[in-house]
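Presented as structure tokens, the chain that follows is alone, the form predicted on its own.
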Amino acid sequence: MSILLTFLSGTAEGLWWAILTIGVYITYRLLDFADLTVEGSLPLGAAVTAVMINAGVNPILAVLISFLAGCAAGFSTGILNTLCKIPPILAGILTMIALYSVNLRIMSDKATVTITSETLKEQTMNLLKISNVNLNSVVIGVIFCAVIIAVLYLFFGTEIGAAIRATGQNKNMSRALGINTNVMTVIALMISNGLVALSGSLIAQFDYGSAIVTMGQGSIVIGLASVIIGEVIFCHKDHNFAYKLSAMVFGAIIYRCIIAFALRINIFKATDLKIMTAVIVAFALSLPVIKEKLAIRKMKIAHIKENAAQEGKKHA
């Protein structure tokens, strides 16, 4: 029973972090842009949500405004990269640093702002008549992820979406085809960081119950680990875009479940979370290499067996 509860808890957390993972996937894979703005836009979404809900704003409206705030953060990084010609990593770092001060301003110079008014969590529990907090999070998380995947699938099937993907594949060729790669880069960064801020908003409401100015630390690593886990386990070249986005969700769930089960083992403490994250990320990054070596070994064994069979036929 405790194993089932741990799995349910990990799944609930994973679904909220999956939205961040999808945002990271857009910049990291589609745009080929290493964006560190994520570590600032996650707490930005949480800060905006906490302050607005405490001020009496409807939680759903707070979520939407958080998304727009994340889009603004992505726009800033895009402008620094495209107009100021600042390298992607440095542009993201500059925005991330600036967002730390912005987040503190939003939170009235407090490191933590507890949400004291009714959140989307309480509203959905009352609406769906679900008493279990984690089960409620899973149901709402699945709905959010499904809607986001559907919208992104439709968007990236449009002319602008195809132009963004082409920009990530080959900027020079895209420019030759008349695509404004600077505009496409900015749009992709806005969508990505909007989703990250949306993730922060929902994490603040369903998981933390508050906004913490440092909650974004290490979030880019979590996002990348989830992306790689999802790609290695579930993705193949012939899969469509919607399937790949769904794989990001499962990658995030697997990552959070691994963390949840690891923390249940007595040899690990809550303070070991960082080292566990580092080990999981290192393993996730090594998975493609391990998978390739296993495939080569399998081919060698098959070749040896084939040669042995041919030799046997000759002697026969």
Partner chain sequence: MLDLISVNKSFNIGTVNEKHVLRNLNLHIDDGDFITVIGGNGAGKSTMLNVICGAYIPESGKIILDKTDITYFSEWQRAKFLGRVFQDPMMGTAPNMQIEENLALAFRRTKRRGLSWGITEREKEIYHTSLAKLGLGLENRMTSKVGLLSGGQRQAVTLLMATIQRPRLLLLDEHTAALDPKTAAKVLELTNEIVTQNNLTTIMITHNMKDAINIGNRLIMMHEGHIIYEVSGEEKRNLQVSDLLKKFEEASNGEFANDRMMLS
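Numbering follows the first chain given and starts at 1. All values reported here derive from a predicted model rather than from experimental measurement.
The same protein also exists as the form predicted together with its partner chain; that form is not shown, yet it is the one meant from here on.
Comment: 166-174 is the region of 166-174, 130-138, 190-198, 226-234 lying near its partner chain in the predicted bound form, near meaning a non-hydrogen atom within 4.5 Å. Contact annotation: of the candidates 179, 221, 102, 93, the single residue with a non-hydrogen atom within 4.5 angstroms of its partner chain in the predicted bound form is 179.
A heavy atom within 4.5 Å of its partner chain in the predicted bound form is found for one listed residue only; from 86, 160, 79, 242, this is 160.
When contacts are judged by a 4.5 Å heavy atom cut-off, residue 147 does not count as touching its partner chain in the predicted bound form.
A residue is said to contact a partner when one of its heavy atoms sits within 4.5 Å of a partner heavy atom; residue 97 fails this definition for its partner chain in the predicted bound form, lying far away. The shortest heavy atom separation between residue 143 and its partner chain in the predicted bound form exceeds 4.5 Å. Heavy atoms of residue 154 reach within 4.5 Å of its partner chain in the predicted bound form, making it an interface residue.
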